[in-house]
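One chain comes next, on its own, written as structure tokens: the form predicted alone.
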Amino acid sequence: MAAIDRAWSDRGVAILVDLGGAETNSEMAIEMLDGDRAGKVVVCNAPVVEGAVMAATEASGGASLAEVRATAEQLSPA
């Protein structure tokens, strides 16, 4: 939750995870947020390093949270 708070923006937060435990912890943190904030936080199924670079690039260009997530997840192996 502290990491979500540090990264918080009204546009939302995209979380990239590298291990199943990290995904579970992220989902638990999202569940503990109030409804308005929880709806603006997503867990991306994407490689951490490559996904983070692509997500940051998209976000810095003004992309929506959904666009940031989609771009990061395009890198995920099929």
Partner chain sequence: MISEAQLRALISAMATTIAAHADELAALDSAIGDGDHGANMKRGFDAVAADIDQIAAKPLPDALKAIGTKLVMTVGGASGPLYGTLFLALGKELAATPGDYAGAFRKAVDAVAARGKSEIGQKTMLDVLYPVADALRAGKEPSELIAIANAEVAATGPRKAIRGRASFLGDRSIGHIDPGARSSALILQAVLGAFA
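All values reported here derive from a predicted model rather than from experimental measurement. Residue numbers count along the first chain shown, from 1.
Beyond what is shown, the protein has a form predicted together with the partner chain; the following relates to that form.
- For the options Ser64, Ser9, Ser60, Thr24, the one in contact with the partner chain in the model of the complex, meaning a heavy atom within 4.5 Å, is Thr24.
- Heavy atoms of Asp34 never reach within 4.5 Å of the partner chain in the model of the complex, leaving it off the interface.
- Contact between Val49 and the partner chain in the model of the complex is not found at the 4.5 Å heavy atom cutoff.
- In the model of the complex, not one residue of 38-75 has a heavy atom within 4.5 Å of the partner chain.
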